[in-house]
Ligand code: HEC
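Next up: just one chain, as structure tokens, the form predicted alone.
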Amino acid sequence: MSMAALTLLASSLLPVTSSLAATTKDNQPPTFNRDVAPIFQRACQRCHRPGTAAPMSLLTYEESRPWARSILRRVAAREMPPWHIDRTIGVYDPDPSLSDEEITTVVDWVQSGAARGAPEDLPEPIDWPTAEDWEFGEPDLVVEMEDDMVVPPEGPDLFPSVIADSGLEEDRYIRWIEVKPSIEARESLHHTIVYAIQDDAEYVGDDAVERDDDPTRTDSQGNKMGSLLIEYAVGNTGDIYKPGTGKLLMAGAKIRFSGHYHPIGEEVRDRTRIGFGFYPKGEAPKHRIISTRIFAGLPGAGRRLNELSIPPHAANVRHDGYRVLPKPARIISFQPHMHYRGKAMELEAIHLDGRRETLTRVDKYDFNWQVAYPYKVPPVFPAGTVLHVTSWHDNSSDNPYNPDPSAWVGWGNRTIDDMAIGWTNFVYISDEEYREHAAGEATALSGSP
């Protein structure tokens, strides 16, 4: 693509802000050291560094400069950093997306020649963990697959279910959790869903049992599925929980790795590890985090097939799913999951008075990035509130990821099949906590001190 074409693309995608280089404090064209490196440190380098899934490193000027035109195109189109939501709805933390001003700075830097800048302007480099390091610190417990998962060079996608003992001798609450596949397998592994197989009666008691994510349910061989701990995927490799919240891993728990591997033309071996950071022994957070799934297109528990129907050549196929909150709850995060035809997904709350509140709208869903969106101020709802997930799929030829627009598509694990799942993290709160929250909101709305 020519520089003229890039300039036209950038001008058509960016909001109208200011003239070239007007974002710099001395009215000079932006430089990498002074203006761009801080943006890359905040929003890009967590993924764009050696040993990660990103195609190039953006730690230094020498590594970044050859990619300048590509950076301009992806940043101007808001394709990078991957943040696929309607930015007018909700506030999130962390939020790696770029502001309008940051995008203008990066575009102006490229258009003005992608200069390095003065050495003294370069911020101190971040001491990022290596590919073998744990991102949140040394774990208190590491659980590893007992044997290698071998992915042949060719053939169908693989969906293994591997179980390993945790070795845990007492109940512990999880502060953070991180999934680390073998480095050589990261191109082959699309995702791994991690479950704890444990006597989780408390979880079942807290929520309904006639559900697809009931931890007492079993697979076709009669094995317990377990309680969801985390989904590892590109864009979501670990979770760290806010103070006062956590997940429970029980003594004697077994860990189930439910993976999805693509053959990539050469044999790949994987031995995924999971690192757990715990609260101190004997300490329990105030709230236990529950991860649940709201299925769009699956109206009954256990009904997995032929409820999701995506006709050939259809560009905007809608499905809906609902979950009633049996207790007051605080919603922590939302993560959509679909396959190649996934187009958009929305989470809304239907209030007791019928009012509808959109919480998150993922209007540019990308199957290659499984991104979780954590709320900066988690919304709180009373018992009886309905969480409503709406999904849209694009099975037309306009979808660049669509392998076959002429195919009818239903529910299935293969990527050529599809799904519509809204992963939701939440905590139940007491009736008293909800009343205090509601009273605080009423005071804020009235303007009273």
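These numbers come from a predicted model, not from an experiment. In this text, residue numbers run from 1 along the sequence as written.
The same protein has a further form, the form predicted together with the ligand, not shown here; the description that follows concerns it.
A.B. asks: Out of 78-86, 252-260, 144-152, 350-358, where are the residues with a heavy atom within 4.5 Å of the ligand in the predicted complex?
C.D. replies: Partner-contacting stretch among the options: 78-86.
A.B. asks: Between 289, 168, 174, 234, only one gets a heavy atom within 4.5 angstroms of the ligand in the predicted complex; which residue is that?
C.D. replies: The residue from 289, 168, 174, 234 that makes the contact is 234.
A.B. asks: Report the residue, out of 329, 310, 71, 332, that has at least one non-hydrogen atom within 4.5 angstroms of the ligand in the predicted complex.
C.D. replies: Answer to the contact question: 71.
A.B. asks: Are any of the heavy atoms in residue 43 no more than 4.5 Å from a heavy atom of the ligand in the predicted complex?
C.D. replies: Result yes; residue 43 sits at the interface with the ligand in the predicted complex.
A.B. asks: Within a 4.5 Å heavy atom cut-off, is residue 47 in contact with the ligand in the predicted complex?
C.D. replies: Yes, contact at 4.5 Å.
A.B. asks: With heavy atoms only and a cut-off of 4.5 Å, decide whether residue 384 touches the ligand in the predicted complex.
C.D. replies: Judged by the heavy-atom cut-off of 4.5 Å, residue 384 is well away from the ligand in the predicted complex.
A.B. asks: Flag residue 58 as yes or no: does it have a non-hydrogen atom within 4.5 angstroms of any non-hydrogen atom of the ligand in the predicted complex?
C.D. replies: Yes, residue 58 sits close enough to the ligand in the predicted complex that at least one of its heavy atoms falls within 4.5 Å.
A.B. asks: Does each of 67, 98 and 369 have at least one heavy atom within 4.5 Å of the ligand in the predicted complex?
C.D. replies: So, yes: the whole triplet contacts the ligand.
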